[in-house]
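Single chain ahead, written as C-alpha cells, the form predicted alone.
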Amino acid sequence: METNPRANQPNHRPLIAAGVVIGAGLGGFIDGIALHQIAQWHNMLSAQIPVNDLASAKTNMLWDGLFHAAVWVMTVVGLAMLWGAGSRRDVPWSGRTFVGGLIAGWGLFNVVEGLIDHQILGLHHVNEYSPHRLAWDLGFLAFGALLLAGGWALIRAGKRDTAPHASVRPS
C-alpha cells in the first residue's frame, strides 16, 4: 500500500486562496470608496461616458454600483473559503500566511483592474481629470506590483508556520 508523503504536511493553500480572494474584494472596495466616491477621480465608465450631465452621472453610478456588488460577492466567497479552511485539520492557522494572501489579493486586484480597465479597455483612468493620466495609471500598477511582492513575501514567511488552529489542538 502506497502512502501519500504529503498527508501529514501542513497545507497552506486553502488559507492563501481565501486571503487572496478576500484581499481582491477588499482592494476593490478601497478603490471604489477612495477613488470613485471620496476623491471622485473617476467612475467605472468615465473615460467612455464622461460625467457632464445627470444622465451620464446616473449611468456611471449604476456601473459603480455593479462594480461594488461584484467585489462584495468576491469578499463573501472569500469568507466562505476562509470558513472552509478553518475547519480543515491540515491547514495551519497562520496570520502571516493569511495577511500575505490579503495583501497579495489587493495587489492582484490592482494589477488586473489596472491592465484591463485602464489600459486594454480604456473604461477609466485612476485620475480621469488629470493631464498626467498615464502616470497615475502606471503608479497604480506599480503599487499593485509592490502589494503582490509584499504579500508573496509574507506568504513565504508563513510557510514556516505549522501550528494547527485552536479548534484542532490536542487538549
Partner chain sequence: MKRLVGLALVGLLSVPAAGACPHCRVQAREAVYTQTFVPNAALLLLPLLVIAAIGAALYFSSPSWAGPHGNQPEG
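From a predicted model like this one, the values you see are computed outputs, not experimental measurements. Numbering follows the first chain given and starts at 1.
Just so it is clear, the following notes concern the form predicted together with its partner chain, a form of the same protein that is not shown.
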Can any non-hydrogen atom of Gly84 be found within 4.5 angstroms of its partner chain in the predicted complex? yes
Do Asp31 and its partner chain come within 4.5 Å of each other in the predicted complex, heavy atoms counted? no
Taking its partner chain as it sits in the predicted complex, is Ala145 near enough to touch it, meaning that at least one heavy atom pair lies within 4.5 angstroms? no
May I ask you to state whether Gly150 is within 4.5 Å of its partner chain in the predicted complex, using heavy atom distances? no
Complete contact of Leu66, Ala70 and Glu113 with its partner chain in the predicted complex (any heavy atom, 4.5 Å): yes
Proximity to its partner chain in the predicted complex, single hit among Leu123, Val51, Leu35, Leu141 (heavy atom within 4.5 Å): Leu123
Even though the chain is shown alone, can you say which residues of 135 to 151 have a heavy atom within 4.5 Å of its partner chain in the predicted complex? none
